Structure formats: C-alpha cells, structure tokens
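Next up: a single chain in structure tokens, the form predicted on its own.
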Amino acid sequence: MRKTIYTIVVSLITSMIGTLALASTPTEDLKAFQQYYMDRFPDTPKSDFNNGVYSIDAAARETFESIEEFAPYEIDIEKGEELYHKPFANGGTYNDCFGEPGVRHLYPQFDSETGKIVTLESAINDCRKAAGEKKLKYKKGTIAELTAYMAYESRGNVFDIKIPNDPRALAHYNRGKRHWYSKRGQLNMACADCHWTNAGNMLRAERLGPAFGHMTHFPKYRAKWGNLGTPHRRFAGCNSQVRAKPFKAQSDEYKALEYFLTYMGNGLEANGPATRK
C-alpha cells in the first residue's frame, strides 16, 4: 500500500513538472537545454557536442577516431550517391525534389500547408511517390544509404531547425518534448533519465552520452547492428530497451520527438553519418 501511494505521488509530481515545463517557449528551452550540458561538461567545447559520448570520454574518443579513418559506412555513402542520381522510371531524380543532396541539416521541417512534420526520410518517400516509385522502408537499407550520402554532403552545415509561431508546430514540438521527459515501459524510464540526469555516468560498461547533439550524426552505423540505421530505428530500440512497445517508424510520435531533439541541437554542425557502439 505504501509503495502504491509513493508511486502515485511520484507520478503526480512528474506530471506537474511536465506541465510547468511545457509552459516555457522553445527558445527558452533551447537556451536552458544547451546550458545544462555545457555546465555539466565544462571541458567540452560547445561545437564538439555533435560527437555525442565521444565529446566527453577521451578514451572512447581515440577508438572512435581510429574507426572513422576507415569508416564502415563508406560503401553506403557510395551506394547512396549512385541511388540519388539514378533516374526514376519517369526520368526524374531526387534532385528534382531536393535541389541538391546536402540537406540533412534542414530536417525535420514543419509543413505549414499540411500542418505536419516532414523528416528527411518521409521527404524521400514523398519524392518517390510523386515520381511513381514504391516507398522505401524507413529504418535501414536503401533509405539509410540515401540519407548517408545526403548527410555526408551536408557535413559542416549548421542545424537551424525552425519552430514557427503556429499552434500546430508548437503542438508537435511539445509532443516531442513530453515524450522525451515521460516515463514509459516496464522499467519506467524516460529518455531524459539516461541522457539528461545520468549523462556521463556509466550504465554497466557503457557511458551514457549527452542528448545535446544526438541528432547531428544520423544515419549512424552501430557495431551492434552491423549496418546503418535511421533516427526512428534508434528511437524504437531505446523504447524496447526499457520494455515499452515502440511506435512505428515515421509515426507522429517519433516525428515529434525528432523535431524536438533536432531543434535542441541547433547551432551544431551536421557530421553524419558516423559510427557508434
């Protein structure tokens, strides 16, 4: 009984904190979010947070840099480049939709016409649909090869995701923010439990990375996967790890989470694709 009352109280407090947090503006959130990590890791230059856990772990950084010299995703970039410029059946190419491949840092976007969030992956399939082509699967494979090339061409460009003063855009942003701070799954954990509260701490043999800069390096090659994965593949994996049922890739829930997290990385350079454990 005592445990039940305690759980209820904690739940109510968490709900109150979440409600108060949602009262702040995206601009206020951004400043506080980034300042938190800069205060927590004062030896890490702000511009280096796009390297994730390798920005705060010198020993792991050495291994990461040695792997990047002969990156396992290089062949994927080459495949992506070929796919990007290969004409569709109607004679068009991805350039007809994107203008140029180096656009990773411009997504996700709020579409004022539809009122929805457009990720790079969903934009690729929108392009294919308009050309009469079949849609690609969203988590890995061909779509990750395409985004690997597009991310590579975007390297050095700075993220500057916009949250327009539109109630629909703010609703998506706040949905993503709420997801990031909300407990879920049998382990009752939020994204923030690992990558905010415990950023820099050890979880078994792994150091938990800061969330600031999490979205700059996608798609990423994980040693655990043995191939490239998109942001929503990683989101689903995190949900599974806390024993929560994952949402579908490109669901409104994951699009909102990507919108929130990418906005939090504004000011950092795109550096995808990249390797991670």
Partner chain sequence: MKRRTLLKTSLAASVVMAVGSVIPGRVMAAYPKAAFENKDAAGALNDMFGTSDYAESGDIKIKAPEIAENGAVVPVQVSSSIANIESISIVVSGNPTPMIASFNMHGSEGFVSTRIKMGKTSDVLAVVKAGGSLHATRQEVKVTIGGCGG
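Predicted model only: the values in this text are computed from it and were never measured. Residue numbers count along the first chain shown, from 1.
Same protein, other form: the form predicted together with its partner chain, not shown, and the subject of what follows.
Only one of 235, 54, 33, 41 comes within 4.5 Å of its partner chain in the predicted complex through a heavy atom, and that residue is 54. This chain is drawn without its partner chain; in the predicted complex, the residue among 166, 126, 206, 111 with a heavy atom within 4.5 Å of it is 206. Per the 4.5 Å heavy atom criterion, its partner chain in the predicted complex is contacted by stretch 223 to 231, the sole one of 223 to 231, 42 to 50, 247 to 255, 25 to 33.
Judged against its partner chain in the predicted complex with a 4.5 angstroms heavy atom cut-off, the residues 115, 122 and 182 are out of contact without exception. Although the partner is absent here, residue 141 is not a contact residue: none of its heavy atoms lies within 4.5 angstroms of its partner chain in the predicted complex. Looking at residue 211, you'd find every heavy atom of it more than 4.5 angstroms from its partner chain in the predicted complex. In the predicted complex, no heavy atom of residue 92 sits within 4.5 Å of its partner chain. Along 235 to 259, a non-hydrogen atom within 4.5 Å of its partner chain in the predicted complex is carried only by 241.
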